[in-house]
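Below, in structure tokens: the form predicted alone, a single chain.
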């Protein structure tokens, strides 16, 4: 009997895109269900009643929520092409850096998008330090996972694709190759991989979406 694998996500979300990437790296067939977050489906609310958010992976009728939890689940269920290291210490470090990206770097980047004056200077400096931490972790390796894409690389797709695009929309240059040569070398390598590009949003559609979203958030804050 064929396995049931469904992914509830949104085309513009780095969190559901990372699950799509992990499944494709593993060669796992799955059904993708696009969610309208302004009108969430009964299935999404049923499968994730606590957070009511995407992504949700449904495997043989069992739902799993939260993207990094889903990534670990995928790696445990499908053992081929492992994305987490076998060594317990290295696994712990991968979890640490994954959490760092989502809870620190992404949050700081979002704050920097709308900060002004002195606050922007402080937040930009905080972002700079966080990106340097990532560079130090990556330095000397092709990928965070070593010679191949791993857990941290998959989580960090938001840095490779979403950060530069948001910066382009805002017309700022805080995240540049001059400042972060190691990260930009990694970005070039990871975006040369076909399966990664299959999982990135269409550029023009994504630009228009991010621009509209930022303008909407700015209007709402006035």
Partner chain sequence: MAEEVKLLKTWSSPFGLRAFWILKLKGVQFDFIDEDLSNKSPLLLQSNPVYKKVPVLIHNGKPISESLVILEYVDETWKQNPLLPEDPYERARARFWAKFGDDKVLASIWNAFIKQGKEQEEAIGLAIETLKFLEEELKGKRFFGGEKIGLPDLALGWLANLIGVFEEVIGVKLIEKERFPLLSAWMQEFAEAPVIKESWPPHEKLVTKFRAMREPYVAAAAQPK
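Numbering follows the first chain given and starts at 1. Remember, it's a predicted structure, so these values are computed and weren't measured experimentally.
What comes next is about the form predicted together with the partner chain, which does not appear here.
With the partner chain left out here, work out from 143 to 151, 88 to 96, 107 to 115, 120 to 128 which stretch has heavy atoms within 4.5 Å of it in the model of the complex.
This holds for exactly one stretch, 88 to 96.
Can residue 49 be called a contact residue for the partner chain in the model of the complex at 4.5 Å between heavy atoms?
Yes, contact at 4.5 Å.
Is it the case that residue 66, even though its partner is missing from this view, gets within 4.5 Å of the partner chain in the model of the complex, heavy atoms only?
Residue-level check for residue 66: yes, a contact with the partner chain.
Quick check on residue 189: any heavy atom within 4.5 Å of the partner chain in the model of the complex?
It does not: once the partner chain is placed as it appears in the model of the complex, residue 189 has no heavy atom within 4.5 Å of it.
4.5 Å heavy atom contact, residue 72 to the partner chain in the model of the complex:
Residue 72: contacts the partner chain in the model of the complex.
Out of 185, 62, 40, 179, which one falls within 4.5 Å of the partner chain in the model of the complex, going by heavy atoms?
After the contact test, the surviving option is 62.
Mind listing which residues of 126 to 146 have a heavy atom within 4.5 Å of the partner chain in the model of the complex?
Residue within 4.5 Å: 133, and no other.
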